[in-house]
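Consider the single chain below, provided in structure tokens and representing the form predicted alone.
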Amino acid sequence: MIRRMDEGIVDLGGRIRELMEDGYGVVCMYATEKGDMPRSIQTVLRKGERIVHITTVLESDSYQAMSPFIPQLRPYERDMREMNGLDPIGLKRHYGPQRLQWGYTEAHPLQKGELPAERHNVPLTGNRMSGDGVFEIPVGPVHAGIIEPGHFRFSVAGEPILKMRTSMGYTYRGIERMAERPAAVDQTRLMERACGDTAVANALAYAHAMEGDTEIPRRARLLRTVFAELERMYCHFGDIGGIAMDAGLSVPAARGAELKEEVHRMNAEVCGHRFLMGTIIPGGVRRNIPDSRLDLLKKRMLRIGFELEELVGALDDSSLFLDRAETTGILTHENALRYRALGPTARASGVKTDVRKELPYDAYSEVGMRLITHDKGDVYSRMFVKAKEIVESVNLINQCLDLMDGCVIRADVSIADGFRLGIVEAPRGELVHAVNIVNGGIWRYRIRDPSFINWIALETALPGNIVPDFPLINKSFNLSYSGYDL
């Protein structure tokens, strides 16, 4: 799966630019600490099914920042500075989301060893924009309803937004540190809770990283694909209903919530858990779907397809919705490529990318799948892509149910030392789990959630829109706070 590895690269930025010119994109970058492994930067790039892994050994904690000329790397370099204590010289300090919680004077959360008992919070920084009529509006971190905590600062001139900055860190749980255990210990339960509404995707990425070249039973691969698409369906239904609610359409919003609940109840009936937790395990699946329930699942898929068509039709027929959604929160094709936006967010801006087609895993190589895209990059485009992806999920599930055979659902897994990687297409986009195993133990576990990248995409889509449209734009992206913080 991994095509190349380079040790001790001096000009890492030059090597990355060389690969990017050949069509590669950065899928993950993280630091490893001193100890059993040398202090280094691990960089993973992907072009379709071809993957390059670069290990760059560092002589000190400082290095020349690469993000000023490779914008894709800005969130990674900021993360390594905050979490590992590296010093990327020349990194723009006030660009992209920051974690306010980590102001340790002597250590950082992912450094080896114990953290100091005392810490200080990093003060909130403004957008540093000034002028006649320019004001700054703070929002959060406590929000109405059950939304996760995050702090936003808007620079505005009247209602139009000039700039927004995001501050995170309020849901940090130390999952990557907790994962540093013997590799043979099954940590599926922990990985499922890295981001609660993408439990299947995180469990799959973890399983793929641990399995290596293990041959997975065919029925298990088909069931994994069914579970992944069921998760995609309820996530997208929630997004469409939320978009309708923030556009002021309570009836379509209620219908979207009802369809989401229907998928949750179906999950509980066929798998035993509304969020499909406890279904995936390294080597296969933990829960089977009896043959007696396959026809019932197919009938429900057909009905859900018709009900989705009615929901989207109600939105398309509403001039109020179209007025709010079209040309609002545009993420341009150029910015989507510049920051390597992921998932439906990227596909709504005309970027043709999907791990399920580019790097097929489990049963995706056995079924036919359409790649859904749009070219406007606005709220309506993101809603359109998610609605069509639900239709495609129904199609994929039905194909898997037709192919279902056999009875074996799990194989034994042998875990060896070295670098391991799992990449899947979560509902929000490309999800990466990278693992360094040393002497039978996990030395470094890195989860790169799609929201880690797409928060910057959201920031670039806001200028020029008005403040009342922020909730609508934000919901169309539907980014995860806990997926960013981990």
Partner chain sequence: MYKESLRNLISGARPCESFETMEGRRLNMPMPDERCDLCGICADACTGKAISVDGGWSVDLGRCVFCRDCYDACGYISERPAPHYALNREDLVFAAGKEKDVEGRLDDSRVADLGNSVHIRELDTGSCNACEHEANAMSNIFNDMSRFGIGVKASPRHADVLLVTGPMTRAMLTAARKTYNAVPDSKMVVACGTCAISGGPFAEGDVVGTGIGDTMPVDIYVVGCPPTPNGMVVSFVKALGLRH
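Positions refer to the first chain, counted from 1. If you're wondering where the values come from, they're calculated on a predicted model, not measured in any experiment.
This protein has a second form, the form predicted together with the partner chain, left out of what is shown; the following refers to that one.
Heavy atoms within 4.5 Å of the partner chain in the model of the complex are found in exactly one of 396 to 404, 138 to 146, 370 to 378, 352 to 360, that being 138 to 146. The single contact residue among Arg293, His273, Lys299, Arg338, judged by any heavy atom lying within 4.5 Å of the partner chain in the model of the complex, is His273. Listed residues Arg74, Arg81, His333, Arg193 were compared with the partner chain in the model of the complex; Arg193 is the one with a heavy atom within 4.5 Å. For the marked spot (Gly169, Arg181 and Ala257), a heavy atom within 4.5 Å of the partner chain in the model of the complex is present in each of the three residues.
Interface residue remark: His108 is not counted as part of the site for the partner chain in the model of the complex, having no heavy atom within 4.5 Å. Using a 4.5 angstroms threshold between heavy atoms, Glu366 stays clear of the partner chain in the model of the complex.
Although the partner is absent from this view, Val134 stays clear of the partner chain in the model of the complex, with no non-hydrogen atom inside 4.5 angstroms.
Taking non-hydrogen atoms only, Lys112 never approaches the partner chain to within 4.5 angstroms in the model of the complex. Along 302 to 325, residues Glu310, Leu311, Ala314 each place a heavy atom within 4.5 Å of the partner chain in the model of the complex.
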